[in-house]
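Only one chain is given next, in structure tokens, and it is the form predicted alone.
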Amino acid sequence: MMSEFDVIVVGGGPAGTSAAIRLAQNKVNVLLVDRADPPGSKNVSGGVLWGNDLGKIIPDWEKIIPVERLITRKGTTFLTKDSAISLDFSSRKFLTNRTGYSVLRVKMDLALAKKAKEEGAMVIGGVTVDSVARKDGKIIGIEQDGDTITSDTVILAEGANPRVAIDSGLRKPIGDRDVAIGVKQIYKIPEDKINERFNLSGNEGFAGEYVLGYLPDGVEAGGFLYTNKNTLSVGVVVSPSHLRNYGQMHSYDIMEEFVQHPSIARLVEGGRLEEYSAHLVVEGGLSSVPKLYGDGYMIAGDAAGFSFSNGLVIQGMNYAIASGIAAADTFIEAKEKGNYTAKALSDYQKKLEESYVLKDLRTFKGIENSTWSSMAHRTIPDILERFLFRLNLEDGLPKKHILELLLRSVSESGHNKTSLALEAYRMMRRM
């Protein structure tokens, strides 16, 4: 009995749409289903799209995808109650390596779904898949409202909360170590004011990551801020375990603490709040990656745990696109042989091992133990603030040597120098 489709892709984010585009371009009979109607319209996260992989399936992607601003400035900032300690980098070299753009995911994902449809994929929104369908132990399609839609292979690209994969027993339930909670706000601000506040011109853009080292009760959270054409994407990311352990603080409290910090408040001042949303963010690193393939299925994107953050760089959309393309290419090769068993689809794992996706996760294995640590969120901001304040303070007294100032700052922070040096060494090894 022939299947109704060659491939069914579940999920209308970058991983699912990229897979569908590649498959359709190779004359594969592909169905893309998404719970949102239209597909992709529920994807609320924003950030920086690195388009190298997208260029493999859409050569003129900068014209097809509604990008916002070319990122020419990048910032990493430790925030304390009174201070902001920043590493700010801008370069004209970004102008000749035009791959990083701020995006708004709803616009981007709608465009990718439209492109998949134009290439020949069947794209259907408003479909909540209940589970995969099985026959003789092999996945043969999907189940939805008691109906079975059959295919030779299913690509699960559901995002950070992969309910179909979990409910179908294809991966373990997600836990506190696998994800964080992200809260995001969109502020409407005139384009000229954004350029003035961030020292930008034309279509130049800024992307910033923040460590919130001043929250009460030891709560750990990160922040982000991305400039769009005439809006700012501003948000926080917090560990679920911290919200649970410190029940007096909620994610929206942390969001308010962030936007009211003096260094952030002046950037969003006068902006009109247009959107408020929350979503899960993949944070678990290599330890959160499930088995990626089996008889008749592959898992891609956030559903597979493909995301990276070392506190300085945050990436995810490029991993999603790369893995979606790899899953599509694996199927195309399997189709030539008429073999969709786990052995045939194991080439998906090999492709990812050869690409930067799994190489990155292996290189930075355990990085989440550093990015989510008291060292990163408390100790470093505290010491840096003490050190830089004394370094820059003119108080009419003789100057101290930099090393003396640094050792004094460490001592006053209450940390043992030996244990601090060891922990710093471990952090640098992971980074």
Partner chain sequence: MTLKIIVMMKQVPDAEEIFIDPVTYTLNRTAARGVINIPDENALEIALQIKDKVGAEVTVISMGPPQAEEAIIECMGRGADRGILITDRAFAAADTYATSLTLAATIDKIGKYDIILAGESTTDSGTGHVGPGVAEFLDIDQVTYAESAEVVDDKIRVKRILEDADEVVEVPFPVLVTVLTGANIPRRATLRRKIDAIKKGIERWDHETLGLPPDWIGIRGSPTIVGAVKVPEEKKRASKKISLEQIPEMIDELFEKGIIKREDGA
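Being a predicted model, the structure only gives us computed values, none of them experimental. Positions refer to the first chain, counted from 1.
From this point on, the text means the form predicted together with its partner chain, which you will not see here.
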Note: exactly one of Met122, Leu95, Val313, Ala265 sits with a heavy atom within 4.5 Å of its partner chain in the predicted complex, namely Met122
Picking from Val67, Leu31, Ile57, Val48, the single residue whose non-hydrogen atoms come within 4.5 angstroms of its partner chain in the predicted complex is Leu31
Based on heavy atom distances of at most 4.5 Å to its partner chain in the predicted complex, which listed stretch, 348 to 356, 124 to 132, 77 to 85, 299 to 307, is the contact stretch? 124 to 132
May I ask you to state whether Ile149 is within 4.5 Å of its partner chain in the predicted complex, using heavy atom distances? yes
Its partner chain contact in the predicted complex: Asp145, any heavy atom under 4.5 Å: yes
Is Glu404 close enough to its partner chain in the predicted complex to count, meaning some heavy atom within 4.5 Å? no
